[in-house]
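Starting off, we have a lone chain in the form predicted alone, written out as structure tokens.
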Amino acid sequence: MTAKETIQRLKQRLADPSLKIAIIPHISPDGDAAGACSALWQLFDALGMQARLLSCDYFPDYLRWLPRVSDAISFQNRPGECKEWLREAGLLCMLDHNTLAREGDLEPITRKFRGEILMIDHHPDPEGATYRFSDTRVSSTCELLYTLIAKAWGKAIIHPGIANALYAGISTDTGCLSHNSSRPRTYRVIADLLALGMQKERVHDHLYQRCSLSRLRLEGHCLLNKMTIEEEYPLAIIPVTRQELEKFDFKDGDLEGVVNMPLAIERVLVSVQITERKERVKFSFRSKGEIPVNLWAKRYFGGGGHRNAAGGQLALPLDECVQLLRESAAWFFSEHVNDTRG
């Protein structure tokens, strides 16, 4: 089925005003996931549809300014409402993830979902869906969602609130257009969003200029006291304990972007942040150029993602996770990096 035919089928399905819709991001939603959820729910509002935003955990504070994000229902404190809405919904929207396994505590429920599924995502190897819009070449899910909205309903339906949300996702998922943003199409989309009323200064203010003092100190602690550069490989490692997070009054999103900072060092080609959380240890991988850190994340750390930005998680002690990273570095750099010494 062509993309045009899929869009027509989706539009016909959304013409039913009695349809109830569940919107779900991946676990630990980032800017792209939050922006896409916000934009899609605003679109459904404009179409007069009944929708709810359900999340496995919580959206970080720095993204709660996005329209509708503060109305999300978290499974952590309102599991009954999540289950009830999923029983009633006829359409499940998977945003910025390509498998139900990325939905955390919601996965056992969504695996039993018997309605239709809409997937909008830009990660490789997507699962099946009733309506699937997936393209790994696209900078972000928000860019892909913009294209879908424009083709299906026309650009006129994109008001400033939707435009702001879409740009927030594009900006954060490309590191302010520093990576995954070489396609001219990405810049044309941003130009369109500006013409449609996107408030660039407001978006940047919320995303990049409202840092708390404790967050800034945590970032400094990570770079000054925690970051190490491996002697054998051009690899930076930043391990962070739960105790350190508590010391600096950590809030979800406070470490956003820290993993990118070591890449400013000339000889560092790969940066990995390893963060100890309550039930698991989370890995964030970043790389320069053509280095496919998603393969490393997938093979050893139960994750995946993009070539230059990937993640994973393990239910192991933090020191064992750091040891596994160092031990597996030999495989990764010998197989996938030509210049292992930077």
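The first residue of the shown sequence is 1; numbering continues from there. All values reported here derive from a predicted model rather than from experimental measurement.
Keep in mind that the form predicted in complex with guanosine-5'-monophosphate is missing from the display, and what follows is about it.
- Checked against guanosine-5'-monophosphate in the model of the complex, the residues C56, A309, V69, I291 give one hit for a heavy atom within 4.5 Å, which is A309.
- Interface residue remark: K282 is counted as part of the site for guanosine-5'-monophosphate in the model of the complex, having a heavy atom within 4.5 Å.
- Although the partner is absent here, G303 sits close enough that one of its heavy atoms falls within 4.5 Å of guanosine-5'-monophosphate in the model of the complex.
- In the model of the complex, guanosine-5'-monophosphate sits beyond 4.5 Å of every heavy atom of H179.
- guanosine-5'-monophosphate in the model of the complex comes within 4.5 Å of no heavy atom belonging to R215.
- Across the options 34 to 42, 282 to 290, 47 to 55, 60 to 68, residues that bring heavy atoms within 4.5 Å of guanosine-5'-monophosphate in the model of the complex belong to 282 to 290.
- The partner is not shown here, but in the model of the complex the stretch 96 to 133 reaches within 4.5 angstroms of guanosine-5'-monophosphate through a heavy atom at R102, H123.
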